[in-house]
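Take a look at this one chain, the form predicted alone, written out in structure tokens.
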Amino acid sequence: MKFLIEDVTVYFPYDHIYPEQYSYMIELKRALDAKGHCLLEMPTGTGKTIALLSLITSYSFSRPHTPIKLIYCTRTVHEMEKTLAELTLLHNYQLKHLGPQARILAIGLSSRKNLCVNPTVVASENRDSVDAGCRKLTASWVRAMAAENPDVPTCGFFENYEKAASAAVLPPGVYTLQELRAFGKQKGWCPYFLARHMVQVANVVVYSYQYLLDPKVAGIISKEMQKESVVVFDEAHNIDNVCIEALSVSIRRQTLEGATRNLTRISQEIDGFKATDASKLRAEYNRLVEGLALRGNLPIADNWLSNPALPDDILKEAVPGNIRKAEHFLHVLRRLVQYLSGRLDTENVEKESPVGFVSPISSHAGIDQKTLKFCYDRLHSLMLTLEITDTDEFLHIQTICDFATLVGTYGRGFSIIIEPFDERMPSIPDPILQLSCHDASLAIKPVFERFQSVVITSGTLSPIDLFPRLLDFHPVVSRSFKMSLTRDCICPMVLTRGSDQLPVSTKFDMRSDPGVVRNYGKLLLEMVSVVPDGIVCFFVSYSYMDGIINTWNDTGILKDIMQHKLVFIETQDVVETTLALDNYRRACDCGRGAVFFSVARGKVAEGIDFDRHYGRLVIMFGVPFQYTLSKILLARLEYLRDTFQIKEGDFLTFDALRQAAQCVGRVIRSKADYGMMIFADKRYSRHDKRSKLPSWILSHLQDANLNLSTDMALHIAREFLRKMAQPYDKTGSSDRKTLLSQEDLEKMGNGSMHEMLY
């Protein structure tokens, strides 16, 4: 269908549209018109992705003189593929209606591991070794040697891509990762470097958050992107954590031992070069004297990671004299590694600011702040001069230089925390030194400043007013949408006590109480006997899940549960969990029914959908607070309180409830779906906790369902399932339509449309 929103003709590939999709597009257009940023919370399963893609591409068509580029950021490769599949559908529809003028180029960009087509390289087991394998075949000095000696191995795909030069382009169309690889194989060109090149000219680019938020990657991939771009962060409820991880570094004993080995190897390489090719070292020294950290524009295959500091904070001046010579720089790094290993020999937890940490380095190791700042660029330059290709061997010394550059650059928003052991296992000495970033706004600030519109959207952004404070920006539009439903197909309940009237909670002083564990088991046992197909249970942590399952096993509850349904468990091993999920789905498909035990903040809670019969009930056992004794969390809470005036309790509750909402939101993935949500903890009945859930859950949470015991919840579940089994009209009644056709949109004046939406 196609319809007008003010002056924009929107091309939408389906015959009907949800009212919330329509109002979502209106708000999105307001933000684009104002050239500002926006925060939009849209319930899960209401077609957020297609609404975004339709509006932004149609908006671009309506302004052919000032076309805008769409940069769509997802968290996982799976989500990237889903987005590109939606875009393919939309693109075909637009071509049918608009003809050749609707042609766009849309590509997904991922790591070499997902795009490489060279069988010898892609056989490596992890991402770092695939990257290194690629460099061994494509680095400029390797290719120069191969030109003289044909026995030196190179990559045929990269050579063909280089030979094609400016002819190596992608024709217009939408390319998933699979299609990019197929195109690369067919033409004999390297799909990874082709995609890297085409990113600059593509109309739509879909890639991971890191490509914009992590300065090490963004400095290479995203620095050419034009200002007239709309950046979308989809599923962005954890965006503050992604920003913090991008600027945090951890150093353990193994890191320092590995760095020492790396330095020994670099030292041998330098000696070798002095004997055979001293002119290269001299040329590098002269270049550094002139103040050029790197030699002009590097060939695309030589470029490695960029500086870990943000673009505005990198010093644009000559490298200090004491690290210009390669061997002098090695001495500095050796002293730094020695100093850090001395700091790891501690009995107590230590916490310092970067400024407090840097000054003793100067007095003990003789390394000043400016030298620390240049460590990363100097190492990068040296590794290029020494023509080192196996970069995966040098990850440890890179980590040390990352740390040095960040600690030398930033004075505020960071802490250095040294812990002699993990608090949960105090008997095992495992010292760790962490440079922890507390300010999420640091990494995302360049994105807000560079691009004209940034859209942050997800199903769980409540309370929506906290995000602008955490990320330090001013949205022009900030809205939370409700779900328009033909029938009440979501049934949230708050269970506060067992059938013996004992309160249930995972509060630290109550969680191991046998009464609580028994009541949780009885709740699940009662539910498996009445709920058909799949049930998903979320626990607050792996250790709590292990403990509770062991107790249920000893008391025979688990055996009783398995009379009704099979039980599958998420573990920390990805392969095991994937297998468990596959078998869980098979058990639901064949009618045996199954229960899946999972953990809040785990892989399953973040990215797996339990739609239709795979999830008819989700139980959230407890409130998933972070480990509140963590030194890093305490330092971050103190920073948030002092800088943004966000109270500790407010942030912890907000963080726990967005995780809980994320877990329970897994069961509803479309409006034809139905499911129940049980929040099993007495703390959910308190208004200050409950009110932080998204409005689309709260609007279905009736007062009668706020303080239930197990037998009351069982009665409500039976009633709900009976009601859901009745036939219903998918388009909704005449007074409250939940599916709008093109005629409905044309018939409605803005006034009646407004009434219907709100």
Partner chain sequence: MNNGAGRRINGGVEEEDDEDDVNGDLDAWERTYTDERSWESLQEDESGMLRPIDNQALYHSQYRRRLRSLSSTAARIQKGLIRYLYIVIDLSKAASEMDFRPSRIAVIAKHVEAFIREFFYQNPLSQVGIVTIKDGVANCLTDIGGSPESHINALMKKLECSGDSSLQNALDLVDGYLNQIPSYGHREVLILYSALSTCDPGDIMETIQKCRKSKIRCSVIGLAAEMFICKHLCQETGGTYSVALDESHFKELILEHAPPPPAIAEFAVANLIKMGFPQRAAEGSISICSCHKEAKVGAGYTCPRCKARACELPTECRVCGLTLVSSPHLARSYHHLFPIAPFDEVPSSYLNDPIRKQKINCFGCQQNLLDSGNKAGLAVVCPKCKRYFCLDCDIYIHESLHNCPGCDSFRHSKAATASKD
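Keep in mind it's a predicted model, so treat the numbers as computed, not measured. Residue numbers count along the first chain shown, from 1.
There is another form of the same protein, the form predicted in complex with the partner chain; it is not shown, and what comes next is about it.
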Should Leu89 be classed as touching the partner chain in the model of the complex when contacts are defined as heavy atoms within 4.5 Å? no
Closest heavy atom of Gln563 to the partner chain in the model of the complex, within 4.5 Å or not? yes
I'd like to know whether Gln726 contacts the partner chain in the model of the complex, with contact meaning heavy atoms within 4.5 angstroms. yes
Is there a non-hydrogen atom of Pro426 within 4.5 angstroms of a non-hydrogen atom of the partner chain in the model of the complex? no
Segment assignment from 689-697, 54-62, 26-34, 716-724: heavy atom within 4.5 Å of the partner chain in the model of the complex: 716-724
Residue among Met145, Val530, Val169, Val574 with a heavy atom within 4.5 Å of the partner chain in the model of the complex: Val530
Tell me, out of Val242, Ala605, Cys588, Leu336, which residue has a non-hydrogen atom within 4.5 angstroms of the partner chain in the model of the complex. Cys588
Taking only heavy atoms into account, state which residues of 489-521 are within 4.5 Å of the partner chain in the model of the complex, ordered by sequence. none
